[in-house]
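One chain is shown next in structure tokens, namely the form predicted alone.
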Amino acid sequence: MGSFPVARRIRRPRSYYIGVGIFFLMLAGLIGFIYYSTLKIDYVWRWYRIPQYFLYHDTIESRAEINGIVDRISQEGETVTIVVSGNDGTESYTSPAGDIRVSEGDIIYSGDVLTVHRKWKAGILVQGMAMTLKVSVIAIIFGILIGLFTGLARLSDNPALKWSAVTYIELIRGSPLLVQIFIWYFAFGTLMNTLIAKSDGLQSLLRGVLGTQQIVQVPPLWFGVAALAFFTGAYVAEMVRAGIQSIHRGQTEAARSLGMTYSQCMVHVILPQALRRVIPPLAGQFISLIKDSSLLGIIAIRELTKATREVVTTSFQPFELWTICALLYLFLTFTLSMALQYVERRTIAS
């Protein structure tokens, strides 16, 4: 008797299994069509070359910087030290033990190879994916902060705050992200770097902070992050506004009747409830931001799309590489979606 509800939950109508069968037939047909199409085009598939773009064995050479004689070669564990004595002084070169190309007493010249060793390095696609994640995470953090304060300003009774928030939201949401990236990079970037370059005091401050003597310039990465953050902030602001307005007005009145100020009511009563309701659309915005970050390649930021484009240019493997690029984006967005769904369930349960 107790097992009957379980059996009832497991039993499916016949139409359900028919639908499942139709889905897999359509999927098999699509795969068959793609495979048939690939056989008809004049293209040499080279999937075996793809792994090197994820991880590769790099050959690293240690070269002499002065002319002289190899005075001493010593090895401690996995490290080798070569001392070269010349007219310009003595130089010491330390590197992982590998293929030592010189012996004690050899005469060498500047640029000669002393040692050669191999090291595993992340490929260009892994580097691009890491840059995509880095840019997206930084942009969403700043975007949430910008959106939170803008959303609160949007609901303020102060005209300066409210109108400023409305203007910002409408300007950002009413123009393409690609145009905003160009404005940040070519307009704001040029102005900012010009002001920094012509300000001796600011240059001295930045050199002291960064510990360099070179002219300090803001790299394109941060203009790309700023463009994504302000773009995201406008949408987050509307989410925050909608979340706050979805809370019944009676809760605000109850909190104020207990003696809470407006700020205390917002922090302790309204915002915690509103943020729970904002999590699902915020998760979707974060996933969308990862895909939008592909536009940063136009300002020389090597994220995943630009990295793929560079490899395609040199390897002439567009079909394999763009397929892998799409799968990597799918992996990032699907993994993030699962993680955010877990956070959403935990938040609702609490």
Partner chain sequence: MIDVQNIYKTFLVPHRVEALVDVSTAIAPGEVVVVIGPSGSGKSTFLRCLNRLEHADTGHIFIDGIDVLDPKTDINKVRAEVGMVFQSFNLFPHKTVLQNVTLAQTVVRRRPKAEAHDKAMALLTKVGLPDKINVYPDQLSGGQQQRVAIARALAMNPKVMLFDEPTSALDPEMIGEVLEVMKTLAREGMTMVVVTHEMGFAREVADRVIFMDAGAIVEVGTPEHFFKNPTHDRTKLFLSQIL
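Residue numbers count along the first chain shown, from 1. If you're wondering where the values come from, they're calculated on a predicted model, not measured in any experiment.
A second form of this protein, the form predicted together with its partner chain, is not displayed here; the remarks below concern that form.
A.B. asks: 110 to 118, 154 to 162, 249 to 257, 82 to 90: which one contacts its partner chain in the predicted complex at 4.5 Å, heavy atom to heavy atom?
C.D. replies: Within 4.5 Å of the partner lies stretch 249 to 257.
A.B. asks: Only one of Val269, Ile124, Ile140, Ile100 gets a heavy atom within 4.5 Å of its partner chain in the predicted complex. Which one?
C.D. replies: Flagged contact: Val269.
A.B. asks: Using heavy atoms only and a 4.5 Å cut-off, determine which of Arg173, Arg72, Lys134, Arg276 is in contact with its partner chain in the predicted complex.
C.D. replies: In short, Arg276.
A.B. asks: Is Thr194 close enough to its partner chain in the predicted complex to count, meaning some heavy atom within 4.5 Å?
C.D. replies: So Thr194 does not count as contacting its partner chain.
A.B. asks: Tell me, yes or no, whether Gln245 is in contact with its partner chain in the predicted complex, where a contact means a heavy atom of each within 4.5 Å.
C.D. replies: Taking the distances in the predicted complex, the answer for Gln245 is no, it never comes within 4.5 Å of its partner chain.
A.B. asks: With a 4.5 Å heavy atom cut-off, would you call Thr261 a contact of its partner chain in the predicted complex?
C.D. replies: Because a heavy atom of Thr261 falls inside 4.5 Å of its partner chain in the predicted complex, the answer is yes.
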